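Below sits a lone chain in structure tokens, taken as the form predicted alone.
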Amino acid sequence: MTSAAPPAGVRPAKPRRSPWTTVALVGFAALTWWAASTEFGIGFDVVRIFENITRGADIIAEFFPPNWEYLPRTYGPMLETFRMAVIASVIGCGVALPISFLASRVTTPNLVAFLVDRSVLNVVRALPDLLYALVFVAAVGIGPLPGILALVLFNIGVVAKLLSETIDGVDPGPIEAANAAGANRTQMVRWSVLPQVLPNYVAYSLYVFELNIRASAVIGIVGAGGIGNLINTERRFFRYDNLMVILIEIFVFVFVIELISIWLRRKLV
């Protein structure tokens, strides 16, 4: 027996708020207080930040004006950074595509493959790209090669994670149709799943390429090639006016690449 509808013009009763919302908010507030407190946490103090915010003004002043005569010396390292990002994106995203199908419950052949693949991806994502760069610099020496290898692992972890979650949410209709038609697992993935996730895969690959430009500038500081080597050199000799030129160049470079990536995503997705 259905309940009677409320009279016209009467607003329906508000649904009750779940008590777990309040519990979660209180727990989050308590965790934040614990992390920031002086006695139990790291001693995060907003007052000290404002008291000491001007202490770096003298160093910041040395960044200006930028020494634009130094700009031609940055072209080679910046081009090396771009090449590293391209190679790492192609290899990393290419390897991540089949791995992502093994990391999804929709397309994995069995539970063992799923658990092994997810475990490996968790390990790959747990380590930062800077640590990978340090390891590969020690293994293969200074230069762009350890940087490329570090970025490849970084790309595999990011793209495989994002794409596997996208695969988990695909429309099951085409999959059921392929199975009913007698398609094997490879054929099902190729014709029923891949067309659904291909636009997302392109978007993730372009996004990772943008990240590679930023990351290659950081990992180069530890000797993994690219513009990061030049940043480290200028920083050690306190040539902040030259360093400002590099920072502006990186900003412009990343901004232009992001605009191109947005345009390509709109055309391809």
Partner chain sequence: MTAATPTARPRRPSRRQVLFGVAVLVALIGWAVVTLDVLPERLLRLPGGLAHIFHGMYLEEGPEWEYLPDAIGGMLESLQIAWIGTIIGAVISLPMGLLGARNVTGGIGSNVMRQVLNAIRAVPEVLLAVIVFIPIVGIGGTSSAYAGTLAIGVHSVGTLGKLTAEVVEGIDPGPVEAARAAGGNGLQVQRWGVLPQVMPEVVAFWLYRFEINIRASAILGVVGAGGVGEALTQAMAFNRLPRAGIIIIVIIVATILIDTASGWLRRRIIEGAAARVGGEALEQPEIAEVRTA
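Everything numeric in this text was worked out from a predicted model, so none of it was measured. Numbering follows the first chain given and starts at 1.
One more form of this protein, predicted in complex with its partner chain, exists but is not displayed; see below.
Every residue of the trio 44, 84 and 138 has some heavy atom no more than 4.5 Å from its partner chain in the predicted bound form. Remark: of stretches 106-114, 155-163, 93-101, 67-75, the one touching its partner chain in the predicted bound form is 155-163 (heavy atom within 4.5 Å). Although the partner is absent here, residue 49 sits close enough that one of its heavy atoms falls within 4.5 Å of its partner chain in the predicted bound form. The shortest heavy atom separation between residue 26 and its partner chain in the predicted bound form exceeds 4.5 Å. With a 4.5 Å cutoff on heavy atoms, residue 148 counts as touching its partner chain in the predicted bound form. Within 4.5 Å of some heavy atom of its partner chain in the predicted bound form lies at least one heavy atom of residue 59.
In the predicted bound form, its partner chain lies within 4.5 angstroms of at least one heavy atom of each of the following residues of 116-133: 122, 123, 125, 126, 127, 128, 129, 130, 131, in sequence order.
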